[in-house]
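Next up: just one chain, as structure tokens, the form predicted on its own.
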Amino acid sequence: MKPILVVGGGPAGLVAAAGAAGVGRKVILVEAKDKLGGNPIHNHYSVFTPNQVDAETAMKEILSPVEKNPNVDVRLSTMVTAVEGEAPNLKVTLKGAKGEEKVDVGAAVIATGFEHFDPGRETQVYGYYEYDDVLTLLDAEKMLKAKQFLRPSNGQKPKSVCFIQCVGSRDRQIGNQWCSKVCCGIASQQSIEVKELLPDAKVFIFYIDMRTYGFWEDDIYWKAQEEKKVNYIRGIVTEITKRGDQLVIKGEDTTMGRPMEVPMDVVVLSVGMEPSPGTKAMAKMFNLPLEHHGWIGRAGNSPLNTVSTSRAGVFVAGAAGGPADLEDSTSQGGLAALKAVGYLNGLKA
């Protein structure tokens, strides 16, 4: 039997590989970096939203079935450089540290994830590359994981912290006309962590409208407000400047309909998701059409068909197909594995 190729070693790819291998299929798992785990590991996530379990501990639970299963051939520091043929007769060229190799696979799962929006690319009104105390959610994760939330400019504990939502999402001017789905919940989660480390700090979240869907509403949003006294302010931030050793947030409080100017020690930009370079490369290599926002398109763009692509035997899982949280990613990884195995079993390939 020909193996199933899984491209991407993050949550979606790991679950897909474990699922297919668990029912006896051989799997080749290709990861461009030198270790598995995807964004949660490479970007030092602190805890997962909304259950607040340590991210590294949680990732070990989905890493273990892959690392211990002899049916999974893990290829680290490896790239897919060429794809020929059609499923179930795909010939894929892999380039790793030991050179190039061509492998025959029957089906493929693309789980190449996303990249975090670079707030300095859009505009410098946020001062990300100008002011040390302007951070992203990603920067904050690293400090929260280390259990130290300090001002980068002077190493002191901040007395005031704010989060600014929808940076790089829901923005027609730059072409990112989508909600990244997780930023509101993650900002709320991080605000809880900041308050746990710095109980006396004042923490604010400036938002267009909060989108903490499902159980996140109760487990994160209300917990942040009621238990940790995080201040949610509906407003639009138009500029960040500096006055003395403090940042100054300028914009409009849209609830009160008046301008606002608020001094802050630390500003955290809630940056959204964009298709990763790997996602774009795999779309081109596997000849997969992109949907109109630039992510890998699903077959027929159907909400009832979340992992199939326009090419038979090639499936997409997680944030390679659009903004996705961890529950989406792992659920789709499992479904993609099932679909890939079912496709090959139906062909007896």
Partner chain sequence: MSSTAPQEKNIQFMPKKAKDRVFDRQGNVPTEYFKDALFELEAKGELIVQKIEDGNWVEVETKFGRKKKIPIQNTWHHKSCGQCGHIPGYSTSIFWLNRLLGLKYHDPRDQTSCTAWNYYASSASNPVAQASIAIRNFSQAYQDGFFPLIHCGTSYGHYKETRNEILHHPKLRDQVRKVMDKLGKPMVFPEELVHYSEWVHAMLPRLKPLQKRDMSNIRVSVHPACHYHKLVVEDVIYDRDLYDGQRTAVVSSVVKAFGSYLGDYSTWHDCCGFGFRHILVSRDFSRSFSTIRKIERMKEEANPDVVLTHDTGCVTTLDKSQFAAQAHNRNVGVPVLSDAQFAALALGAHPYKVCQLHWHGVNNKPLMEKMGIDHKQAWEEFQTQVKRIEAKEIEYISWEDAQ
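Just so it is clear, the model here is predicted, and its values are computed rather than measured. Numbering follows the first chain given and starts at 1.
Just so you know, the form predicted together with the partner chain exists too; it's not on screen, but the next bit is about it.
The single contact residue among 239, 209, 104, 101, judged by any heavy atom lying within 4.5 Å of the partner chain in the model of the complex, is 239. Contact with the partner chain in the model of the complex, defined as a heavy atom within 4.5 Å, holds for exactly one of 225, 81, 77, 148, namely 148.
Contact with the partner chain, judged by heavy atoms within 4.5 Å in the model of the complex, is confined among 186-194, 257-265, 229-237, 90-98 to 257-265. Highlighted residues 129, 243 and 250: every one comes within 4.5 Å of the partner chain in the model of the complex, counting any heavy atom. Residue contact with the partner chain in the model of the complex: residue 166 places no heavy atom within 4.5 Å of it.
Although the partner is absent from this view, residue 118 contacts the partner chain in the model of the complex, with a non-hydrogen atom inside 4.5 angstroms. Residue contact with the partner chain in the model of the complex: residue 219 places no heavy atom within 4.5 Å of it.
Although the partner is absent from this view, residue 143 contacts the partner chain in the model of the complex, with a non-hydrogen atom inside 4.5 angstroms. Along 168-185, these residues reach a heavy atom to within 4.5 Å of the partner chain in the model of the complex: 173, 174, 175.
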